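Next up is one chain by itself, shown in structure tokens, the form predicted on its own.
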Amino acid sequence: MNKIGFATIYFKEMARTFRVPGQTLISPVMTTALYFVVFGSAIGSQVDFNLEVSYAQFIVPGLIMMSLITNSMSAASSGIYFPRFIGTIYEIFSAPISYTEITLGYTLAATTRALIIGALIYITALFFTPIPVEHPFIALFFAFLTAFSFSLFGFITGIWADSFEKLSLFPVIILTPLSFLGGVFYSLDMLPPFWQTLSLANPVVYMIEGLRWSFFGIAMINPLISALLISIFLMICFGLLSYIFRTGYKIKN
């Protein structure tokens, strides 16, 4: 393994993150904090919530997971898209470094960025309400697995996209609606039976429920099922990247 090449890409991407902290770190934390203030403090006090935790506590894992998904994907997709856009990606491809090392350099940097944002959101939420974490290592496992999976998916999107419009297609049109309908602000048992069943087709539900179980020990879905489905999504992303690198799709031309 070319450790120098991998480290160069990783630290270059991390430097890009810290070069504009207002955009990459502070902005998503402020946005999520506003969600927490509006839904957790203002609206949450009016919600009849029949669980062992308060509504303000309940929404924290969902907000963290939503942030992990969007920020890991956007970081990885923009990280590979802009070098393709300006043509510097061919300098990386001509270097003595494998596609695997290139992919890991970009995606692990995006994963790290998303985890930092998730940690900042958790710390911010502590100023409003105490938030117990019953299974901290499992929480880290779900957070890392999800962030890394969507970093890979974002990397694929950045290779596929040939315009800024396509680059924002998945986050804006698909991921944001799925996140809001994935149980961030409500429990699935608050829905009528038909909508509960329909919600099970939303993959984001399993990610949020898995992280929520690791926080409070309560969830509508078995955490093992959540971990299995996220792992399957991870394998699918690896399979797509293998196909892209094997065929040179949008890389060699």
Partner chain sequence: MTKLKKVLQYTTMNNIITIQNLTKAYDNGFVALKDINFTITRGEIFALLGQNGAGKTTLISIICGLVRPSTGTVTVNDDDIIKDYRKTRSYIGLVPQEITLDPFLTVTQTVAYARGFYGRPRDEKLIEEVLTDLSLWDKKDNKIQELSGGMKRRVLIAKALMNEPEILFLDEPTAGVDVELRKGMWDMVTKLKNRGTTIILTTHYIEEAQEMADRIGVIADGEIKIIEEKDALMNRLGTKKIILTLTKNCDTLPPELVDFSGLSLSDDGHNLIYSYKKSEHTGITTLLTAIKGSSITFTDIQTEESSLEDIFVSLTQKHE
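Positions refer to the first chain, counted from 1. Note that the structure is predicted; figures quoted are calculated from it, not measured.
The discussion below concerns the form predicted together with its partner chain, not included here.
Peer 1: Taking heavy atoms only, is V172 within 4.5 angstroms of its partner chain in the predicted complex?
Peer 2: No.
Peer 1: So, A139 and its partner chain: in the predicted complex, are they within 4.5 Å at any heavy atom pair?
Peer 2: A139: no, not in contact with its partner chain in the predicted complex.
Peer 1: Taking heavy atoms and a 4.5 Å cut-off, does I9 contact its partner chain in the predicted complex?
Peer 2: Yes - in the predicted complex, heavy atoms of I9 and its partner chain come within 4.5 Å of each other.
Peer 1: Please tell me whether any heavy atom belonging to A95 falls inside 4.5 Å of a heavy atom of its partner chain, as the geometry stands in the predicted complex.
Peer 2: Result yes; A95 sits at the interface with its partner chain in the predicted complex.
Peer 1: Going by heavy atoms within 4.5 Å, which of 69 to 77, 95 to 103, 130 to 138, 113 to 121 lines up against its partner chain in the predicted complex?
Peer 2: Correct option: 95 to 103.
Peer 1: Each of N2, R19 and Y90 having a non-hydrogen atom within 4.5 Å of its partner chain in the predicted complex: is that the case here?
Peer 2: Yes, the whole trio is in contact, each within 4.5 Å by some heavy atom.
Peer 1: Let me know which residues along 225 to 250 have a heavy atom within 4.5 Å of its partner chain in the predicted complex, or say none if there are none.
Peer 2: Residues within 4.5 Å: F245, R246, T247, G248.
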